[in-house]
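The chain below stands alone and is given as structure tokens, in the form predicted on its own.
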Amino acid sequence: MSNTNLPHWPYPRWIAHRGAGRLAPENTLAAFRLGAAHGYRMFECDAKLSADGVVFLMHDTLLDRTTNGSGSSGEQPWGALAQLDAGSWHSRAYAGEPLPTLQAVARWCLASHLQLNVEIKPTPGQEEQTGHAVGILMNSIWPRSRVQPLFTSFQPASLQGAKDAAPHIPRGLLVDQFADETGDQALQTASQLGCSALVLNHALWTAELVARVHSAGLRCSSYTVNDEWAAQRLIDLGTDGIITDRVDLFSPAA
């Protein structure tokens, strides 16, 4: 099959999950620095909106797992979120590590000549608003002359918001199941959103599915790949991107 219909893909195969996987507190600048120390050149992170409209990094809706705070992060102003300890839950070495803003992380990536995959992870009910805010922010600080970030989300409304704000920044639709009607709907949604990629649970990829998605003009990326056999299977299938926690196991130059 010819891949001449595929969009340009300027990203490395290997992407560090939430900065450095489980080796450092996720979605912190400390994690990004550690991932970079392991040679990674592209990083995935999760972006949310504070109550007063600041885009910051966090995966969960609730603060409890990864900070010393509690309750919904989206209901807190940035001034309160900025005071939280986002490192002690992981280990003493990271005690006091703060939550970063997406702006701080993006500027660090730009200064370090690194690439960024921003997963838009909205507080429920803020899907389009969060996508729009992420698009506005990245459009304002990321030069057109540099390889653009990749926006991904499980929420089509978030990708639509990002597209409205920054149509030139590539998008990828995250999908956790792909069979019959759900697969057809995912491809249709990705097409409507002008996506460049589908990002699937790695176990879903088959040779037939890779061919189908490539034929639709989309790249094939995977989350979250932590075993050598799984990574080799994806490479053999001809997929395009691998998100991993195991920055200590996989060489990003491979």
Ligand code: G3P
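Bear in mind the structure is a predicted one, so any value in this text is a computation, not a measurement. All residue numbers refer to positions in the sequence shown, first residue = 1.
Just so you know, the form predicted together with SN-glycerol-3-phosphate (G3P) exists too; it's not on screen, but the next bit is about it.
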Is it the case that Y223, even though its partner is missing from this view, gets within 4.5 Å of SN-glycerol-3-phosphate (G3P) in the predicted bound form, heavy atoms only?
yes
Would you classify F154 as touching SN-glycerol-3-phosphate (G3P) in the predicted bound form, given a 4.5 Å non-hydrogen atom cut-off?
yes
Using 4.5 Å between non-hydrogen atoms, is A166 touching SN-glycerol-3-phosphate (G3P) in the predicted bound form?
no
Within a 4.5 Å heavy atom cut-off, is I243 in contact with SN-glycerol-3-phosphate (G3P) in the predicted bound form?
yes
Go through 141-149, 113-121, 97-105, 180-188 and give me the stretch that gets within 4.5 Å of SN-glycerol-3-phosphate (G3P) in the predicted bound form, heavy atoms only.
113-121
Ok, L137, C109, L174, L84: which has a heavy atom sitting within 4.5 Å of SN-glycerol-3-phosphate (G3P) in the predicted bound form?
L174
Need the contact residues for 10-26: heavy atom within 4.5 Å of SN-glycerol-3-phosphate (G3P) in the predicted bound form, sequence order, or none if there are none.
H17, R18
